[in-house]
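Only one chain is shown below, in structure tokens, and it's the form predicted alone.
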Amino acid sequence: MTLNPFRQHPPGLATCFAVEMWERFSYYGMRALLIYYLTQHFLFSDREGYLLYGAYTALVYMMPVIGGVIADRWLGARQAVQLGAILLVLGHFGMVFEGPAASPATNGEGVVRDALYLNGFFLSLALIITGVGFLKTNISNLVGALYPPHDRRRDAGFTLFYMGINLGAALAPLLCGWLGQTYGWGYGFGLAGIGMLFGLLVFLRGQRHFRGLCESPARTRRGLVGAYLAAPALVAVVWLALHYQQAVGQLLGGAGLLAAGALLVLAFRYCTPDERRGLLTCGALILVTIVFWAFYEQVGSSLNLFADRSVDRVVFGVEIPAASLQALPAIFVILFAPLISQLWLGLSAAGREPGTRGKFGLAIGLLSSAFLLLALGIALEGGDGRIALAWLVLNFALLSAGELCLSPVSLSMVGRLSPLRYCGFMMGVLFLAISAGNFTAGLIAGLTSQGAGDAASIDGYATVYLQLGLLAAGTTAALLLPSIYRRLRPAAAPAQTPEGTP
């Protein structure tokens, strides 16, 4: 028996594990600090900060669709991962230069911000978004390409890879969040950049394992040059979009309508009846994921500021930095993943495993419980404006359990319900839905604010979280009640035939 979990896997798996771990370390380390940086350094109001945060996270999930297409058509996955890692390093280190803090205008109206540093900050975000777009889907493609189609090690390899994602996401807020809120923003962002630099160096050293894998059939020198020239153009477009956050919502709306139209054309013109049924079911359930992520992604926005302002974070005499609490969801995912996996296996063996709609209903039911219990905790606070840390920990635990009931299931659903020839398109639609959910999350977080320039009161948080819990409960009922009704409905009596009829 060996302590090396990679020994029985292709050598490239350890490289992919390390690259993705450091990429997630850099991303979640920066994200843990982002809403504080926006509201405390640049003095954006809560509502403005939430909108910019929502636009940022929405673009992060939108860009992999474009990065995947460019990789498939011109770059190939290996070159795309390398380009994405370089852009990420540049973006994260760009955020180290925070510049002078914003200050209220002398006439009391508005805020004075250094335009050069603000635009540099937007450029850093644009580099990170574009880098994630090139790296995120293509590193997963490389993992899959390491194994022959029917290799029994494939699922185990992806399980190790998934653990790398959550390991990086758990460590980053603890370290980057603590540094950023204790010693200064640049230290936290700088550590995130160092993490991504490690990831790039690991990939450069181990990329020999991926030569010839996932290469584009149309790859030419001219195509490679064009793809590398497209990267700065994408950065410029994203930079502009960050200045006009409302346009991101309009872009998502237009893309959603186009995707829905294309799905209907495929379903009714190019699919058999059975394929049509699966494709339409998949599309309907993807809409449900928008609701889930719109509520869940309060974690990095409104819940992040709520933890700073309204949660008693003193444990054994030591105050925990609010940003460090962003590690909890990833820690809970690591703890709960084996348990939920065993739950599905046990229910399957007993013939009682819920279908995709049932698992989605359970996910949103857990989300509903998370927000209703948090609203209860706020209602029971002792009058000092702060609630016990346990209420937030319980909220994060329930949200993470819900994530495990929906996120991996949604990925599996696309492959199971969609015709094989349309799986790539439907995976893009799923990413688009996650992007729409993230943007909507920013709009929902803005509802906690009393006004355009006001910070939320604890009562404002309570009102929004209670409404989210009730809306999620209604969504859960809509998903589960039809199945419950069918199970409880008595079997139809056999039809009566006229007397004497055989």
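All of these numbers come straight from a predicted model, not from anything done at the bench. Heads up: residue numbers just count along the shown sequence, starting at 1.
Keep in mind that the form predicted in complex with phenylalanine is missing from the display, and what follows is about it.
Three-residue candidate spot 24, 28 and 407; every residue lies within 4.5 angstroms of phenylalanine in the model of the complex by at least one non-hydrogen atom.
With phenylalanine left out of view, the stretch that reaches within 4.5 Å of it through heavy atoms in the model of the complex is, among 40-48, 65-73, 460-468, 430-438, 430-438.
Residue contact with phenylalanine in the model of the complex: residue 162 places a heavy atom within 4.5 Å of it. Within this chain, residue 293 lines the site of phenylalanine in the model of the complex, having a heavy atom no more than 4.5 Å away. The closest non-hydrogen atom of residue 56 lies beyond 4.5 Å of phenylalanine in the model of the complex.
Contact check for residue 136: a non-hydrogen atom falls within 4.5 Å of phenylalanine in the model of the complex. Residue 61 is the only member of 32-70 with a non-hydrogen atom no more than 4.5 angstroms from phenylalanine in the model of the complex.
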